[in-house]
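Only one chain comes next, encoded as structure tokens, the form predicted on its own.
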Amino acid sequence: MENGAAQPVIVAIDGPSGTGKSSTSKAVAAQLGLSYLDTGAQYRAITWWMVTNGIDIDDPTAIAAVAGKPEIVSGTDPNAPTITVDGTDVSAPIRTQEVTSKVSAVSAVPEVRARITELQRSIAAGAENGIVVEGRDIGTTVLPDADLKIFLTASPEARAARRSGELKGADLHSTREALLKRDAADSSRKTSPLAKADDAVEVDTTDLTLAQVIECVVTLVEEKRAGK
């Protein structure tokens, strides 16, 4: 690199939902001039496509057979991330309760994971300044050679409170139950379960504000860059 420009840095941020993962990843990428990829949105997008096309979500064989069909494109600007399926903007429909309730089942199908993982790796490889990639299996499976791996955690209560704040009108108890159910599904699936990489830095966000979490992660990335 000329002029001693910083090396592109690949940052993997994993953890269950409700830990502040998306907000943190976007803010860190924006602050440091990195690209940003929300891998959960890609799994939601392929789930939305399956639901829209009437594929039986309870039939892994049916899901596997069409996993290669939808064209999923992720825009990686942290200030305005986009996602399209076959040219259609799906950023709103992928956040519906219908998609949320089915995403674990679709994501567990090995052919789906293989397809999306390949997509994620090609996006990360093409990020000229580096990228923050957030998900559940980035540090362990998708980008095991990432420069920095961070695993965000928080108590189920704190996570439910954040999620119900995001999901309008959701009550705390049912949100917590849904989170724990999804954790169990994602942690126990055979292909690329939700897991913390051995070399990941764990950040417990239970008692931290979003600003504190962002500051902590930015510091970790800057230290990593300085040491390269």
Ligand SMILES: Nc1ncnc2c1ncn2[C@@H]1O[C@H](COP(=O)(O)OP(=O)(O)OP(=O)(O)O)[C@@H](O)[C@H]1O
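Numbering starts at 1 and runs along the sequence shown. All of these numbers come straight from a predicted model, not from anything done at the bench.
From this point on, the text means the form predicted in complex with the ligand, which you will not see here.
Peer 1: Among the candidate stretches 157-165, 66-74, 52-60, 195-203, which one is within 4.5 Å of the ligand in the predicted complex when only heavy atoms are counted?
Peer 2: Contact criterion met by 157-165 only.
Peer 1: Do R136 and the ligand come within 4.5 Å of each other in the predicted complex, heavy atoms counted?
Peer 2: Because a heavy atom of R136 falls inside 4.5 Å of the ligand in the predicted complex, the answer is yes.
Peer 1: Using the partner position in the predicted complex, report whether L210 sits within 4.5 Å of the ligand, counting heavy atoms only.
Peer 2: Contact with the ligand, yes.
Peer 1: With the partner left out here, check for me: in the predicted complex, does some heavy atom of T219 sit within 4.5 Å of the ligand?
Peer 2: Result no; T219 lies far from the ligand in the predicted complex.
Peer 1: Would R176 sit within 4.5 Å of the ligand in the predicted complex, counting heavy atoms only?
Peer 2: Contact with the ligand, no.
Peer 1: Within 21-53, which residues have a heavy atom closer than or equal to 4.5 Å from the ligand in the predicted complex?
Peer 2: Counting only heavy atoms within 4.5 Å of the ligand in the predicted complex, the contacting residues of 21-53 are K21, S22, S23.
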